[in-house]
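A single chain comes next, written as structure tokens; it is the form predicted alone.
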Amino acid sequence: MLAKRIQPMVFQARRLYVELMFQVMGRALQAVSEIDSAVQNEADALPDGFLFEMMVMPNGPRLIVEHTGNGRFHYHGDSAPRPVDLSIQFKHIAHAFLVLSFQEKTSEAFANDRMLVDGDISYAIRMTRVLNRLETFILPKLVAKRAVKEYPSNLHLPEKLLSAARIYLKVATNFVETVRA
């Protein structure tokens, strides 16, 4: 009987966690595109106006970012101004939770058939590299190594700490500005 009452609470807790992580990731993608030249180079290959979505199927939490040009992203929250160009979709909230809680790498989630890609696969690979780069900056090294396919050997602690601080400051500023609006 107790298990029947706990299951909905676990589902709701996972959903809230995924929603929060999508908000942080969207803002962090915008922030990292403002400060990191490697991310800007990856993003610059995307067409201007390119809309990227990451979501939980069928109508779960989502994040939308737009490539606005010059390697920069703009976070749109959970609503797209027009149809998206690329959508990476988790098949279930539990699958999203595994990836966003860094229990499973994105590449493993793809291999385990937990995600779908709707759009150009080359853009999906590019966006995955951008997400991996972001995670190497904002996560502790031990966690980042679990989250990304390959942790960069040339990322040294001073660069990591400075970049993480700049990203988190921009994310916090964006949250505050959103609350004020």
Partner chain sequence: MTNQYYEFFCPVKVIAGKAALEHIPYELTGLGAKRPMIVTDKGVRAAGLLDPVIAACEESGLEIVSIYDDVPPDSSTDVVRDIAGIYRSEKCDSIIAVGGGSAIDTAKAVNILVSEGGDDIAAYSGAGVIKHPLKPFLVVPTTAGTGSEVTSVAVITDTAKSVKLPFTSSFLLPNAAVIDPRMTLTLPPHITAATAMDAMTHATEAFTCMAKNPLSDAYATAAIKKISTSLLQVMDNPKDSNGRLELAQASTMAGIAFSNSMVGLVHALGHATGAICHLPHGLCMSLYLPYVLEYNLESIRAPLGELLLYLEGPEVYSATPASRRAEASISALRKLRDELHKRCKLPRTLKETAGVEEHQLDTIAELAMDDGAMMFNPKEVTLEDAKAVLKRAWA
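Residue numbers count along the first chain shown, from 1. As the structure is a computational prediction, the values presented were derived from the model and not from experiment.
The protein also exists as the form predicted in complex with its partner chain; that form is not presented, and the subsequent description refers to it.
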Of the options L155, V117, I35, A38, which one has a non-hydrogen atom that comes within 4.5 Å of its partner chain in the model of the complex?
V117
Is N132 close enough to touch its partner chain in the model of the complex, meaning at least one heavy atom pair within 4.5 Å?
yes
Using heavy atoms and a 4.5 Å limit, would one call K91 a contact residue for its partner chain in the model of the complex?
yes
So, in the model of the complex, is D85 in contact with its partner chain at a 4.5 angstroms heavy atom limit?
no
May I ask you to state whether D78 is within 4.5 Å of its partner chain in the model of the complex, using heavy atom distances?
no
Heavy atom contact within 4.5 Å of its partner chain in the model of the complex, the stretch among 64-72, 24-32, 48-56, 108-116
108-116
Give, in sequence order, every residue of 147-167 that has a heavy atom within 4.5 Å of its partner chain in the model of the complex, or say none if there are no such residues.
K149, E150
